[in-house]
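Next comes just one chain, in structure tokens: the form predicted alone.
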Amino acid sequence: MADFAERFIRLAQVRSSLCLGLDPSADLMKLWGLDDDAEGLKRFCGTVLDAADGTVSVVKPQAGFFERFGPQGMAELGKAVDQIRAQGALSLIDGKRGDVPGTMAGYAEAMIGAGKGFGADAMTVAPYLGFDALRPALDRAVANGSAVFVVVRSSNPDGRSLQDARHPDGRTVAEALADEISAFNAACGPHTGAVGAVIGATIDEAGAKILARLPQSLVLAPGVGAQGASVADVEATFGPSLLRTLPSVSRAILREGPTVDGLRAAIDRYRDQVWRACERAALSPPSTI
């Protein structure tokens, strides 16, 4: 079976590289006029996925908004992953798991790859118990043709004090993480690797220089829309790296519900913006980004 990067590249050619966040928050469900319960969650997810059918490459369920409903919410997360797969898209569970290796193995088995868990195509992880602690998830991703996206430089400004802290060798924490990701991918071969990076779409031009340290990684770029970044911002700061980037939009699209038509119109708007930006990026001369 083709790995995540290969499947994503193929899908991006026909659906664009837009990643749609599936975020059934209490605020959005209230905006839609839904009860904040398991039945409301089911209706929310079904409507969003009906609107996304055949239009996006990746759908990213935010695990926390499912987990808040307990077992019923986790059951709906499983159904959402199954529906995403049936619609021919890739599922990326955004749970930002991070733990010691033994527990990390359990999280990885739960989230990605075939087996007893959700069977998603990708997951996000938090590396702040050490990059080596993530190895069970990274190894499982390689073995199953899945992907793991490591938080490197987030769209959350509060994370900067940690991510910009410096090692004794002068590299920031984010730069060192990028280097460890690239070393892992390079050891697996010359192709785009199973380990991607989360780089916030809200970063500035100086922060975007970290992309040069990730030549074999896909990049998940959350923060387009409600967090303040536009597709044009991502195009300007990411440069040619946009061609291996998943610009992620959640609330800016989901606020256009509760109708399928309203959601699909918003998806199409962002998808067209991403298409045009990627076409321009493909024509741009090589750069250091």
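Just count from 1 along the sequence shown to find any residue number. Here the structure is a predicted model, which is why all the values come from computation and not from measurement.
Separately, the form predicted together with another copy of the chain exists; it is not shown, and the next lines address it.
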Even though the partner isn't displayed, in the predicted bound form is Val142 close enough to another copy of the chain, meaning a heavy atom within 4.5 Å?
no
Is Asp169 close enough to touch another copy of the chain in the predicted bound form, meaning at least one heavy atom pair within 4.5 Å?
no
So, Phe118 and another copy of the chain: in the predicted bound form, are they within 4.5 Å at any heavy atom pair?
yes
Can you tell me whether Pro190 touches another copy of the chain? I mean in the predicted bound form, with a 4.5 angstroms heavy atom cut-off.
no
Selected contact from Ala86, Ala75, Ala183, Ala212, since only one has a non-hydrogen atom within 4.5 angstroms of another copy of the chain in the predicted bound form:
Ala75
Can you pick out, from Ala137, Leu92, Val152, Ala194, the residue that has a heavy atom within 4.5 Å of another copy of the chain in the predicted bound form?
Val152
Is it the case in the predicted bound form that Thr47, Asp53 and Gly113 each bring at least one heavy atom within 4.5 Å of another copy of the chain?
no
At 4.5 Å between heavy atoms, only one of the stretches 245-253, 58-66, 259-267, 229-237 reaches another copy of the chain in the predicted bound form; which one is it?
58-66
Contact check, 69-101 vs another copy of the chain in the predicted bound form, heavy atom within 4.5 Å, ordered by sequence, gives Phe69, Gly70, Pro71, Met74, Ala75, Gly78, Asp94, Gly95, Lys96, Arg97, Gly98, Asp99, Val100, Pro101
